[in-house]
Structures are given as structure tokens and as C-alpha cells.
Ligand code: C2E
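Presented below, as C-alpha cells, is a lone chain in the form predicted on its own.
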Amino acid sequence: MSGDFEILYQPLVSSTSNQVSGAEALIRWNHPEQGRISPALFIPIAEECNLIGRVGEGVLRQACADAAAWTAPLRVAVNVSPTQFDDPGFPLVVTQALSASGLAPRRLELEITKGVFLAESSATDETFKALKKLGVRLALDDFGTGYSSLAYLKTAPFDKIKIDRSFVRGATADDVRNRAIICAIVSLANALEMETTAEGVETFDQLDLVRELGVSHVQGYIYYAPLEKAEFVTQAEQADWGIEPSGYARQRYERIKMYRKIGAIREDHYYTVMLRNMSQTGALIEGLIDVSVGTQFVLDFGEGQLEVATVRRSPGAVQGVKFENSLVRDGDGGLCTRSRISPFLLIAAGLPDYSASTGPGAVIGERGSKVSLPTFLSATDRRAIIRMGEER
């Protein structure tokens, strides 16, 4: 391969024993000026320029050579693009890579995406037959995403199904169906006598879930990020290499920092608070004090976006709240509620335009009438009360 390209290896680990069974070969481009570039950026370009065949063949040959030199007989998994697979000469390329390296065919696992089936023909079936005749293993990558079809499993002789990371992320949340989907994929794989690998496992709650559902193998940061070749070789020299998982207890959603005013509704009181940051599952608000843990608000994000939130921590004038229903991506880099309520309906229900409220700590009753302050006060009101006492 070119000196600008590098192959990293991410361990594939047994979910039941924590023993390493193999590794996936992942290519990186070390650009002389821009540094390491993700394959998500340069692989599509290589495909458009018809260079993916050369790049893929280089990865295959290098991965086979590296794996043949490992002390332990671990498997090596190599990604195969649809363009590579569609080439009638691909089985010969695999044969030559195995022959040149001396790697046993059973130690090579080819990860094939659903893209190879978009132009399915008799040539596709012949390629599958030729590869299985060589004795290599076949894995269906990114199963369940895009235009996935059960027909792929009916016609192609796969040995493994890889569960896409999009199902693993968020699978432990209460209001998503990812858990049921993973369970169905595992049941299907077991019925077809296939292994399963869950990609992108990063936290202990995700690991516990995939173990509970019977996923056979795990790949993700809970065990190791992709390792450089030298480091992987050093680790693989251990007899019966096992890895103890490490990481966060629960999935940490990306937090979006911001600084804007929103509404916090409690019974018949409306407060203006400052939203400091927000994730899909919760937020950090500021502006109220003496708020007990467990207090529930309806947060008003504007434009008819309301969501119930429960206070989980309340140090001083800051509250960390958890949403009853997780937010979703708005398609523009932000988050939004799953549904919206017409402002006209809100007004009809007795909640006027909150933008007309008199500022932090304003409380609004039926049709906007003022009522007494509740047991907890806004920080602004508390300071005002203290000042009034000092003046007296």
C-alpha cells in the first residue's frame, strides 16, 4: 500500500468471555498536510474516481499479510465495496492474497454491504459460490439500514450478521424500539446458524443489553478503539487475549451548548429560565432556586414545542432535568420535540403568548392573571427580596 495509507485494527470480542476472536482492518489516510483523514471522507471519492478497487485490494493484501504474522490465530475482517465485489476477478484477488500471505482461508472474514445486491445477477451468485469454495467467511455489514432485505439472507451464504451501530446507540432508552429490533436480528441469525456482532458498543448499559439479547460478538470503544498495527501486535501476543471492558456506565448523549431563554411551566406558574445546554435526553437550565429533586416542569422551547422534564439535580440556581420523551434531530444540526402543539390551541387552553410575560419569575394563571409565587423562587426574585429586607 501507499505510504500515506495506514491500517488500524479494532478487536472483535466474545460477548460472553471477553476473549478477542479477531479484528477488523480499518484504513486511514495520513495526509502530509491535513493529517489523518477519516475513510468516511476519502472512500466516497475513491469510489467516484474508480480507485476503490486498487485501495481495497491493497487493504486486503496487507491485512492478510499482517494477520498471518500474528502469534494467535485470530480472524481478520476486511471490508469489501460493491465495486470490488462486482469485479469478476475478485475471487482471484482473494486467492492471491491468501496464497501470498499464507493465511488460512478460515481466518479471513469479508464484510459485504447490502450495496452488492442492488444490481443482483447470476454473476453475484457465482462470486458468492467462489468465495465460499475458497473457505473464507462472509459477514453481512450494516444489517437493518437502508434498503435491507431478508432476501439477502435467503440467497447469500453469510456466516455472520453485523448489527449496525445506529441500533446500538440509544437502545437502552425507554421510548425506542432498538431493543426489539436487535432481539429480532439475533433470533433470525440464530435460526440461520449465523454469528452476530454489535458495532459501536461504548457503554456498560449497551454491553449489558447486547449480552442479554444474545449477541455473540462485540466491537466498540467499550473494549478498544482501533489500534495501530504495532500496538495491536503487542496486545495479541498475550495467550488467550482477553479485554476487560471499561467506559461510562450509561450512554452519554452529545450535548449542544447554547444560551437562550425558554419557559418552565409548573402548575399555574410560568418562569423564564436560561437554557445552558441540551441533549436528546435532558438539559441544563438556570434561573430558579429552592427547586427539589423530582419536581416536574413542562419546558416550553417555543413554536409549540413542549416537553415534560423532571429535575434530577438542583445545585443552587441550576437544574439538570431529564425529558420524559427524548428529543430528535431536526435535520439542521439541532434538536426538536417529537411533535408540536399549535400556538392557537395553547392560547385556547388559557396559556397566552409567553413572550409577553414580564420577565424571569413572572407567574401566569388563567388567561394571564397574576397569582402568588410558589414555594420556590427565581434567582432574580430572591435577590430582589433580599435587597428589600436590607433596605428596611
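The numbering used is simple: start at 1 and walk along the sequence shown. Quick caveat, the model's predicted, so the values are computed rather than measured.
Another form exists, predicted together with this ligand; not displayed. Remarks below refer to it.
Although the partner is absent here, Arg165 lies within 4.5 Å of this ligand in the predicted complex, judged by heavy atoms. The closest non-hydrogen atom of Glu199 lies within 4.5 Å of this ligand in the predicted complex.
Remark: Gln34 does not count among the residues lining this ligand in the predicted complex, judged by a heavy atom distance of 4.5 Å or less.
Remark: Ile161 does not count among the residues lining this ligand in the predicted complex, judged by a heavy atom distance of 4.5 Å or less. Heavy atoms within 4.5 Å of this ligand in the predicted complex belong, among the stretches 321 to 329, 65 to 73, 334 to 342, 37 to 45, to residues of 37 to 45. With the partner removed from view, the residue among Pro226, Gly282, Pro105, Gly170 that has a non-hydrogen atom within 4.5 Å of this ligand in the predicted complex turns out to be Pro226. Proximity to this ligand in the predicted complex, taken as a non-hydrogen atom within 4.5 angstroms, holds for one residue of Tyr270, Tyr221, Tyr152, Phe301, which is Tyr221.
Contacts with this ligand in the predicted complex, taken as any heavy atom within 4.5 Å, map within 41 to 69 to Ile43, Ile52, Val59.
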